[in-house]
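To begin, one chain is listed below as structure tokens, in the form predicted on its own.
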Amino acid sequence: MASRALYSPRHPVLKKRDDFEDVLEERRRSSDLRYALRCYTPTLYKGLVPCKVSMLKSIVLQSDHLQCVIKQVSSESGDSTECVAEEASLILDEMAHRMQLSTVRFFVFTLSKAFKRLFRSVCVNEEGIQRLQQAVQEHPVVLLPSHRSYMDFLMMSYLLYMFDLPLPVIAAGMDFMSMKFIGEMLRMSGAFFIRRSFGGDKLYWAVFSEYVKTMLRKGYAPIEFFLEGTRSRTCKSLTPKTGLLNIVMEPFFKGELFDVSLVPVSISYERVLEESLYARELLGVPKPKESTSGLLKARRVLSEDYGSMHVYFGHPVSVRSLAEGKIKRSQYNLLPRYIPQKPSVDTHEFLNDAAFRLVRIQEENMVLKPWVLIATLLLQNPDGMDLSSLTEQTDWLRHLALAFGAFLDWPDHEACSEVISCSLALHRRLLSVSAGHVQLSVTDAPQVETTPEEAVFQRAVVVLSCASYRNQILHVFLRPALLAVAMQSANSSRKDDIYNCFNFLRNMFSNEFILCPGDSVQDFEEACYLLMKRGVLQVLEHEIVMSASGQSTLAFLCSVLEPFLQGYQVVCRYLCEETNENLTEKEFIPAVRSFALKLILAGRLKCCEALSSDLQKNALAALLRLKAVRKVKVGDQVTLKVNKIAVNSLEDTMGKSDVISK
């Protein structure tokens, strides 16, 4: 079963993946209006007709769970139960979707036009759709797409309509409600709006959780949310959030549902619509507020070419099978079902573990285009490469990636040079090609004099944009790369010494990458297996020895992690050399960015990725987790207290870089 595969050792090279079909091919040949108005007859859960929106609201407000919380809040606040119940009703009105098929049809017509302009193809795995059609008839379904673009949830609803599947109800941030007209259109297409943070608002949480669980119990529609919580600005998978996952699993834990099917969905872009916007956000430029006027101004993207898009519907994962032997459901029988219970420690660990493994499935099913290989090489060669050398190394890297289990979409029967030429043309805004030499460059910047700081910023936008594509393939190289760096750092061939270094690096970077809790030994063995199979090293009983031909592969893998090592070292160096006693959490990111910029301008640091706020936040999270930094609340502010000895020790263990030394 798919759910058991979630916990079994992976053999990436042996994995069979489904074939794809281009769903835009037919759209280019027929009427979009006729298509949007066609007969829509979705497959239903156990043949049940979904209740009306008004009935759904009534069921939620009258539920035992919400009535219990209303009484609790009334008792704690001193307000009457009628007053609290009215507040709960207003919260639900603000939150709830009001799906209307007429609005969905309008979106289908509009999106058909837009997708044909934006993408050369939108490829979907047919077998995944067939599995989903079966799953929605048997158990309530939860859709878990990856999240790299605003396009994700639009494409999901579009595809479910296309294949006569029930339209999902989608958890969306309140940001979209500020978009006049568009916000309401999204609500009428199945979006329900929730706050980014609930704080300690017990009533809001009760309304939200009961609303989601009621839709699940009634088989109202597939529920869709993003495990990562927000769009990834770096195109790396983010550490998953478990709040909503707990809500959709709880009806099973409490015996209200026999099972729930979780369907991980991997959405891949050859070119991401928001690439330069994300890079600027990572460099401290505020995120533009969602607005209808902003959407209209963004119409110029319709004249751009964004290549192909792939959507891979993974195997449904049974919560029942997933929880077998891990969750004692009897603990939920100790209290009536309607009384709120916080997840136990065991439940929390199970949710965390399941969330990480679901995101790993998303990663493994990401379709990777040739550009991610090219971007990886160009970032490792900042002065550029001859086209012939780039072609040769890309072909070498393609075979390495495939040997490591990459899901690579490489055109059949095309010369490598032709594939690379097409990729360079699609991403021409990020690079320059002159006299057979290719390098990353600012090609669309105004030809005016700039300050050194502005020049670094412009360069960093290009580097971070390019890094977002390299990041898409990091999960393929990550474990072998950790082993390669560990072999370099250990300064020993003893297996135990190398494993200790591997484990340290894995722990250090566990906020940066998706590394499943408790899988350190399995990850180490997988890395050894992949490199041994490739002939890079020999794994003996007590030693790991590099083979004569393994140097180039290990050097490449070390270079993959170098930007992250340097970025973390910059953070450590700042905390040891520049920080003051009253550094607040809010001041941390701007201060580290300013420090990194000074190093770059002084020629002591070449790594522009050290300017990324995402990397800086992850480094701080690691230092807090390892207790090298503490948070102390002083008044209304949170201050960072640095243990400089501990930070220095961690920096030494990572390996000091000459680039940022004094």
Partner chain sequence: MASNSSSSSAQQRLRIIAGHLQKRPEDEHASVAAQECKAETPRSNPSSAAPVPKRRQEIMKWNGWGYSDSRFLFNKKGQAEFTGKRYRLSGLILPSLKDWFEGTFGANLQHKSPATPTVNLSAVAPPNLNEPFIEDLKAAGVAASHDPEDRVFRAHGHCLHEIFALREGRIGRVPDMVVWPSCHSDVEKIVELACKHNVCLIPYGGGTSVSSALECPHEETRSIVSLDTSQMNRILWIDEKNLTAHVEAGIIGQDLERQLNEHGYCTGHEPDSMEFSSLGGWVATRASGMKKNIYGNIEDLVVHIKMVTPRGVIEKSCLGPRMSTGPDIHHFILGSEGTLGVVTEVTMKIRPIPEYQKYGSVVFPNFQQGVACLREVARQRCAPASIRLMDNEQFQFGHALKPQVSSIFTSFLDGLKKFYITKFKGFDPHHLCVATLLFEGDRGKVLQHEKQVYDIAAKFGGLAAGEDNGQRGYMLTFVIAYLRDLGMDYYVIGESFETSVPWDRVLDLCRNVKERIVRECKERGVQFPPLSTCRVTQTYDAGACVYFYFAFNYRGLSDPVHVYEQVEHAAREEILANGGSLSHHHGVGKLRKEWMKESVSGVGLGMLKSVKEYVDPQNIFGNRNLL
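Computed from a predicted structure; not experimentally measured. Numbering follows the first chain given and starts at 1.
Keep in mind that the form predicted together with the partner chain is missing from the display, and what follows is about it.
- Comparing 86-94, 321-329, 181-189, 197-205 against the partner chain in the model of the complex, the single stretch with non-hydrogen atoms within 4.5 angstroms of it is 321-329.
- In terms of contact with the partner chain in the model of the complex, the residue from Gly243, Gly255, Gly284, Pro411 that brings a heavy atom within 4.5 Å is Gly255.
- Comment: the partner chain is not present in this chain, but in the model of the complex one of His139, His310, Arg357, Arg233 has a heavy atom within 4.5 Å of it, namely His139.
- Within 4.5 Å of some heavy atom of the partner chain in the model of the complex lies at least one heavy atom of Asp259.
- Proximity of Arg337 to the partner chain in the model of the complex: non-hydrogen atoms within 4.5 Å are present.
- The shortest heavy atom separation between Lys46 and the partner chain in the model of the complex is within 4.5 Å.
- Heavy atoms of Thr451 never reach within 4.5 Å of the partner chain in the model of the complex, leaving it off the interface.
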